[in-house]
Structure formats: C-alpha cells, structure tokens
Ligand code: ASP
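Here we start with a single chain on its own, the form predicted alone, put down as structure tokens.
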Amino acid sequence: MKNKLSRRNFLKTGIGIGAAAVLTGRKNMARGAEEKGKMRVVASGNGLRATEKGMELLRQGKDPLDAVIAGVNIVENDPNDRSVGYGGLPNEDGVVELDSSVMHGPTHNGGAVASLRNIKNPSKVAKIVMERTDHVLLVGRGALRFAKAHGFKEENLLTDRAREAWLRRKERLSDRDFWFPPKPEEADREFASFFDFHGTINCIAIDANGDLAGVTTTSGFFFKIPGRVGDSPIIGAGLYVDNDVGAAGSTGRGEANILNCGSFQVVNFMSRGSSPEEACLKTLERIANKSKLLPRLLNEEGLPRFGLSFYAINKKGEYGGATMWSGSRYAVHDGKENKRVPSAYLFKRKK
C-alpha cells in the first residue's frame, strides 16, 4: 500500500535523500574538490602492490595518472601474475595479446591500445597514444608499430608456465585431432584453475588537489579468439573518469560491460548523488537485468553466471567496490593504510 508523504517526510526517507542528493550532488562535489589531502588509490583485488606504489607517488606530488600507471606496471612486469602483461595467458594460437586504457581527469583525455603483442607494458603505450596522437585507440599491428616507434622493445611475453597451461588446454579440447590428451595426473591439478581464467587490473586515484585518473590493463580471456578486444581498452566500459564527478573501472566479463557502458554508468550514477558503492551496485543490477535477454549467460536460477566487478572514487575521496557475486575483495590505500576490503555484491554465492 502506498502512503502519501509530505515534502518534509519525503525528504526524510531514503528515496527523498536520494532525490535531494541528485539536486545537491554537484555542489557537494565542488566542496569536496576544495578539501585538500584526501588522497585515495583503489584497485582490483590483485592490485595491492599497485595501490601502495600509487600512494607513494601521490605523496610525492606526482600526477595521478603517472601514479596509477606506475602501480599497474608492477603487475604487468610480474611473470607470476597470469592476468596482465608478461606472464599473461595467451589466445587460442598461444600468443599473448594485451589491452589497456588510461584516462586523465584534469584534461578529460584518454588513450588505449588493443590486441597489442610483444610489448610488456600496454598501459605505458596507451598513455603515449593519449599524449602524442590525436587518436584514442590503436589496435593490432598499428599499435605495435606505434609502440616500437616510441622506443618500446619487442619481447616474448609467453612464459613457460603460461605456455604449459595453453598446451594443456589445447590437448584437452578434442579427441578427434592429432594432439594426445595430457596424462591424468598432469591434467587437472596444477592447471585446472587456468582453463576458464580471465584477469585484469584496474587502478584509479584521486590526488590532494581533487584530480582523478585511472588505468585498466589486461591479457583478456585465456584462449580467446585472436583479435578479440574486451572492455579494458574501451573508454566508458573498462574505465571512465570525469574530473568533476569521479572515476570508475572494472574487471570481469568484458562483453557484458561493453554492451552496457558500465564504467560510464557508475560515474553517471555518482553524478546523480549515489555513493561509489551504490553506483557500482546499480550498474551491476542494470547489467544483470539486460543479461536476462541472453539465456546462454544465465545459470539454472536465471541469474548471471559470469563475474563482473566495479571500483569507484568520487570527487570527495569516497570510494567503493561491488561485484556480481559475493566473495570478492578489492585493494584500497586510504592515505593511512593499504589493505584489501570486501566488495559489496549483488548476488550471494551458495556455499
């Protein structure tokens, strides 16, 4: 039953508070910009080293984009991290293809690369695309030529561990080709977690002046079709920054994110008064509802059977993260402590 509310009582309700926030959000964000010192660095769960490095550079007065890129470079350079850069898992041809985007709040400019081979740090190349061209996105061979023209050296990104995982996957695909299946004792234990793996790192930050920036970098789905581009290099999907409002980035199923312009939606919800966590949850809810139109994406209960996470910071330095399914954490350096914190979630996993 619906009750009629006076304007005063309406504003006391959660709905009224949200409506009031829509009207006053911009003013609040402007006040937040005047508050110095609320530096924050937020990243996906694999980004604890990135948030530590990012905060170190923010404290030195570095630009927030330089800070977050330096943070994710640690992960890109780590051969033991299978999600990005050197050590990333390859496509179905056994070739590592990398995607990345960057966005700089003070200039509202961005750059990106996709399907980039043989270059360890696609995030650095994306920044040069932003700074040295009138383009936003370079792909494939063109992105590689551009990187080499700016002094990046080609190198083989396929580590032995990633190559072995690729080989196991190839051997398991069919009993009607000329590849023998792996021995049972080798097949499942060590490499089982690789078979449906996809990984990404997102890192966003706000500096003491209230300026924002972000980066997302990935090797994408393991065993993807060569040339596949996910959400990570797509401005508005894998990353979006509005210096008047906030920044957001994502990890997880890129196709679902691209079709819903997820990171843009998070920032848009923040501009209308939602907290970072609320904005992430609202965006996930929208994506989940749209996913119902594609039965292949649903589990037996009619819910999304994929994972997707968002991370956000607003102009006031408030931060939040949310994921489609419970059980995830994200990294944050709040200026005092570097830690992983639980993500809010849309659906609870069954134990």
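Just count from 1 along the sequence shown to find any residue number. This structure is a prediction, so every number in the text was calculated from the model and none was measured.
In what follows, reference is made to the form predicted together with aspartic acid, a form of this protein that is not presented.
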**Request:** Heavy atom within 4.5 Å of aspartic acid in the model of the complex: which of Arg253, Arg168, Lys127, Arg82 fits that? Just give me the one.
**Result:** Arg253
**Arg272, Arg228, Arg161, His150 - the one with a heavy atom within 4.5 Å of aspartic acid in the model of the complex** = Arg228
**Message:** Under a 4.5 Å heavy atom criterion, is Gly199 part of the interface with aspartic acid in the model of the complex?
**Reply:** yes
**Prompt:** Taking heavy atoms and a 4.5 Å cut-off, does Ser232 contact aspartic acid in the model of the complex?
**Reply:** yes
**Prompt:** Is the gap between Phe221 and aspartic acid in the model of the complex 4.5 Å or less for some heavy atom pair?
**Reply:** yes
**Message:** Partner absent here, but in the model of the complex, which of 152-160, 206-214, 100-108, 244-252 has residues with a heavy atom within 4.5 Å of aspartic acid?
**Reply:** 244-252
